Each structure stands twice: as structure tokens, then as C-alpha cells.
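Let us start with two forms of the same protein chain, each given on its own as C-alpha cells and named structure 1 and structure 2.
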Structure 1
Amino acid sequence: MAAVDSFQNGVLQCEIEPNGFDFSNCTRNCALARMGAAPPRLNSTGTTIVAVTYKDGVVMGADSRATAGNIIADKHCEKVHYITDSIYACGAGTAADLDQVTKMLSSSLRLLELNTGRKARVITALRIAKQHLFNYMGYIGAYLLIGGVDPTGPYLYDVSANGVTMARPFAAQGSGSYAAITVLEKDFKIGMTEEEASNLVQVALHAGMHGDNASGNSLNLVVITPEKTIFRGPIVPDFCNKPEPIESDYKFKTGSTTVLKKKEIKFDIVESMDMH
């Protein structure tokens, strides 16, 4: 009870004096730890997704490796999700959550287009996604890059699993984003051509896939312009191809290695798997 009382007093004090930084969550976490509450379990997911805006549109891309812990579960996972003809979303996080969230977005925007007779805007997709994710406070593992072109221009938005969103000229998400974002920050410039933007996205994805064990296998790109949408992939980088077989012979003759010590171990066969 003492831990609970101190926690409540800390919360009341923060409510009375709201100025400055609020560290009430630190008090809460300490109180919960003293009461024996287990901290939330964090899951690491592997992905590299990248998106860039350019002069007339948006280029988005992702790798295709899905992992289950330290195991590669799927080498051809589709992480570039269709929303509408001119809006796509790249997803990082839990594959099942991403599939369901993007399907919900796609169906909601299609119904909106049928009801209004107009193409859905990118900001509408963002609004639906952020409200849905905020309701679940991060328990839906969907980190999205929503991009597209509507009558008002090209747009790119970064969406976190807890509903926090931000408009960006370029963005990267996933465990390989640390390597990818360095390439984007170095080479991105305003007013790029479609070819420059596509090359930049591919180089950033290569960096993320090469520097992250949980990203790789192949990549997919989507180029969205006011006139059309082009999907490219799967593209397999050179470093993702199987290595060539070793041609040199590393077999050595008997006696090449000096034997320093010998030890014999006697054992009994308890059970044999040999077929008679």
C-alpha cells in the first residue's frame, strides 16, 4: 500500500504543478516494479522500408524477408501494400497486423470513392489509419509509410503503431532503417526526377538489407505519378544471390596435421537406429 500511496501522491503533485517536464510515468514504473508487476515484453521485428517524394510523385520500396525470431520465415513477404490506385503503404512490424490494417484502409477508401465519386486523398488514408491505431495504443504492431498522389500533389506520411504521424519528404522504418536513413539524408534533394528518386530508394534499401540480418532476399518498388502507378519487383541485389561454389580444393593428405594428444573413450550402444 505504501508504494501505491507514494505513486498516487506523485500523480497528484504533477496535476497540481503541471509546469515543466512530467516524470510521473517514472514514478508509476518504479511503483509497479516494487509491486512485482512484470514489464511489457518487447518484440524485435526485422524489415527495411523506404519512401521518397520527388518532383511529380512518390517512390516507395521494401525488402521481402519476414522473420520469426532469428529464423527467416518467409523470403517473399509482400510489404508494399495496395490501398488505392494512387495510394500505397509500406509496412514494418507484425505481418498479420499490417495485412489487416492495410485491407481495412483499402476497403474504407474504396467505399468512400464509390460514395463520393471522387478519388480518395492521401490525408484521408492517414486520418483513418491514425485513428484506428490510436484506439489500440500500440498493441497493433503496424508501422506504416503511407504515400501517394492526389489532385493536390504528392504526399508521404510516417505512421507509428501508437497513432503518431508526421509528414516527411523522405522516410525509412524497420530494423534496417538506421543504415537506410543515412543514405537518404546524404543524397536526398528537393525536386528530384523519377529516375533519381528510384535509384535513391534502391540504394537506401541495399544499405538497409546489407547492414541488417533481418532484412534481405529481394526488394519491391512502386512508383506513383499523377498519371499512373508502376510496380517493380522482385529485384534481387547482387549481394543477395547465392554465392558461387568454391572451386579450390581444401582437402589435405593424411598426416598433414600433427597429432598432439590421443584419447580413447569406450561406450556401449544402448539403442541403435540402424535398419536390419
Structure 2
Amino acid sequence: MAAVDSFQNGVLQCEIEPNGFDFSNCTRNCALARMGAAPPRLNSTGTTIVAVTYKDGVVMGADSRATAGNIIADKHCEKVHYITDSIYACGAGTAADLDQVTKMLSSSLRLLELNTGRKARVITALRIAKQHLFNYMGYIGAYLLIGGVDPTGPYLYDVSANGVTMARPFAAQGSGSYAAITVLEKDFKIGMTEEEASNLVQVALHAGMHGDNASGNSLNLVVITPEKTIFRGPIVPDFCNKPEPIESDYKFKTGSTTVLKKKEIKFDIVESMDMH
């Protein structure tokens, strides 16, 4: 009898899911790495994502390159994720984590909309994302820009993998964000029109795709207004199609160096072979 019980317990033990992440593989992977077994690299998105609020809405955009180390793993990666009809999220960081987190967000917000009969708010999406990411202490590598319009107005939030959130008028994330943020800092104005905002997002994305090796290929945009959500893309910028012309000619013209002295040496060519 006791043997049966312990057997049953063993079966049950397997079926009970542990809470949260199981970290046992981390130590195994570290041990493998020490033994010289190179682990497969995570498919991480070196990214430029940009978002800007304007008079009555939000414009968000992303490049479409996914990298695994130096290799472009995907040239048409979709980094603008659907959350609800009027809330979208741009993601930088680990591609798999971003897919999972944004799917989780969209399903829980849809459920909330059906239960309440109201449109979900951006702040709700933010809260769910923030608390989920904080629980996992940064191990879920999702860096998000959550933007959208709800009955209380347009909003844009920046969410980091470790659970930091900030409300912002404009934002950029990913490895190309340093280039993109300079453009935003220079040209962002409060109360822009839709056209101005989407132009600014495009120019900022161009800067990111230009200056960052891990960003490029094409860009996707989403414009969210109180009435409708418009998705534009993929747009391929000119500099992604053809190599840029070299602006200056680096060749020296003949005669640039003055000849100071000339000397002629006459010699015979002797054919030879080295024999070892």
C-alpha cells in the first residue's frame, strides 16, 4: 500500500506545475558553457522602435530586422504588435518573449473588454505588463512601448523588462534608439498634427536604421486616432534598396606629389626556384 502511495505521489509530483520559472536549466547551461559547449544564441531583436503622441492620437513604428548575433534572422519581422483595436505595442528585446507577452496582453484585455462591455484602457495594458515583468525580475527580456487611444485620451508608455514604467510624450527603444531619440529630441513639438507626427516617426526610424547595424530592411507604422487605427507598411526607405553614393573621391590626382629625384636601376631578370 505504501509503495502504491509513493508511486502515486511521484506521478502527482510530475503533474503539479511549479510556480514561476524553473531555473534548474540555468545551472545546467552554465556548466555546459564551462565545458566549452557553445549554447545556441537567443534570437534577439536588435531594434529601432519609435513612438510619438500628437494632438489627438499616437503614431508608433518599428523597423523589421530580427538578428541572431551577426546574422539577419528575419528581414520582415513584425515588431508592431496588436493589443486591442486601439492599443498597440512596439517591442525590443527577445523576440520569443515579446510574442508571448503581447499575446498574453491582447488576450487578457479582450477578455476584460468582453466582461465589462467597455473598451480597454491603455493604463490597464500597462499595469498588466508591468506586474508580469516585475514578477519575472527582468528574465523576460521584453522592452515595450505601449501606446493607444482610449475614452480618456491618447497615451504612450515605456515599459522595461525589469518592470520600470514611464509615461512619455515621445519615446524610442532598442539598439537604434540612441540615433532615433536625437531626432525626436530635436523636432518633437507638443500638439503636432497626424502628418507631422508620422513624418517625425519615419525620420527617427530612418536615423535608427541608418546608424544601427541591427536595424534596417523596412519599417512598419501604425497611426492610432480616436476614430480609427491605420496600419502602414512595410515601407522600404531608399537607402535600404541601393548602396549610398560615396560623396567624395578619395583618389589622388596624378601629379599631386611632386617628384624630387629620379633614379634608374638596370637589372637582369633571373628565373629561379626555391628548392627545400
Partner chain sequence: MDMMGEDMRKAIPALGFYPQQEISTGTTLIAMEYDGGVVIGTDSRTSAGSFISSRTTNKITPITDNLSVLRSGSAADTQAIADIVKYYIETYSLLENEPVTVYRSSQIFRQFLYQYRDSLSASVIIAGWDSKLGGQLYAIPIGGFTTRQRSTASGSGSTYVLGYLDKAWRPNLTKDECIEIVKTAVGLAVFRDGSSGGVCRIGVINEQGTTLTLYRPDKPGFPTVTLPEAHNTYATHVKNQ
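These numbers were taken from a predicted model, which means no experiment stands behind them. Take the two forms, find the largest set of C-alpha atoms that superpose within 1.5 Å, and that set is the rigid core. Residue positions are counted from 1 along structure 1's sequence.
- In this comparison the chain labelled structure 2 is the form predicted together with its partner chain, and the other chain is not.
- Residue 213 is not among the residues whose C-alpha shifts by 2 Å or more between the two structures once the rigid core is aligned; its shift stays under 2 Å.
- Superposition on the rigid core between the two structures places the CA atom of residue 31 2 Å or more away from its counterpart.
- Superposed on the rigid core, the forms differ at residue 265: its CA is offset by 29.6 Å between the two structures.
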